[in-house]
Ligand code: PXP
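To begin, one chain is listed below as C-alpha cells, in the form predicted alone.
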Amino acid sequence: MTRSTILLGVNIDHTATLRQARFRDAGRTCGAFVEPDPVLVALLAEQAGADGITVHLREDRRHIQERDVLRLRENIQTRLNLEMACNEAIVDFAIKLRPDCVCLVPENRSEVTTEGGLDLIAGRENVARVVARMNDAGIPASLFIAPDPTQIAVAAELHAPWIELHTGAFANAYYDPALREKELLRLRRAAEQASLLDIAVNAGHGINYTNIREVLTLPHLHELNIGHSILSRAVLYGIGEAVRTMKARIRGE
C-alpha cells in the first residue's frame, strides 16, 4: 500500500460519550434538546474525506446505542465498521444490520476505551464461531490483536480476512526513543507476517497527529482507525478540519 491508498476510518464513539453524559435518560438519542448527534458528526467527517465510520456497540451501551448504528447504516455514504465483542446478542444484531465490516474486540466493563487486543489462544473457540458466522453472512471480520506472531498465526488459522494491529503499546512508548523503536519493529514484523499469510492489515489505538508519521512507515497498511485524537482536535477546530488534517498527514503533506 502507498500513502495515497491508505484509508482513514473515523471512530465517533466519544461523540456519543458526550451525549450520554447529559442525556442518558432522555429516552431518545437525537433531536430536540439532545446533542451532539453522532450521525451528524459522521456525515461531516465523510464530507471532509473520511473513508469510513467506526463505532463500537458495547455490551453496556455506555456510548453508542442501537439506534445510532441503525441510523448510520441508513445515512452514511462510505463504509460502516462495527466494533463488537463476541457477544451472541450483538453478533445477531450485526448479522441483521449487515455493516460493511466488523472488528472483533475484547471488552472490559471498567475500561474507558478498549485496552489490549483479543487473546486468540484463550478465546479461540468463541472467536472462531463468530468469524465463521460473519464469513457465512458475507461480512468481513477483522480481529483486533497485539502485534504478536502467535496471535497472527491463529488469526490465519481462523480464516480472518483482516486484522487490526493494536498500536497502543507503540503510542504509549512514543516519547521513549528506545522503547518506541522496539514497539515499531514489533508492528513492522507483524504487518509483514500478516501479509505473507494473505491477511489485510489495519491498525488503530492511540494514533495521533504526531505519531502517525512513524505508523505510516509500516508496510502493507490498508486502513487506520482513529477516534480520540480526531475528536480532540475537533473540539478546537471542528470535525471537518480535524479529518482533513489527518487525511493530509496520511498523504504525507
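Fair warning: this is a prediction, and the values are worked out from it, not measured in the lab. In case it trips you up, residue 1 is the first one in the sequence shown, and so on.
The discussion below concerns the form predicted in complex with the ligand, not included here.
- Note on the interface: of 204 to 212, 23 to 31, 189 to 197, 45 to 53, the segment with non-hydrogen atoms within 4.5 angstroms of the ligand in the predicted bound form is 204 to 212.
- Of the residues V127, A169, C103, L80, just one reaches the ligand in the predicted bound form with a heavy atom at 4.5 Å or closer; this is C103.
- At a distance threshold of 4.5 angstroms between non-hydrogen atoms, I64 is out of contact with the ligand in the predicted bound form.
- Contact check for H228: a non-hydrogen atom falls within 4.5 Å of the ligand in the predicted bound form.
- Proximity of T15 to the ligand in the predicted bound form falls outside the 4.5 Å heavy atom cutoff.
- Although the partner is absent here, F144 sits close enough that one of its heavy atoms falls within 4.5 Å of the ligand in the predicted bound form.
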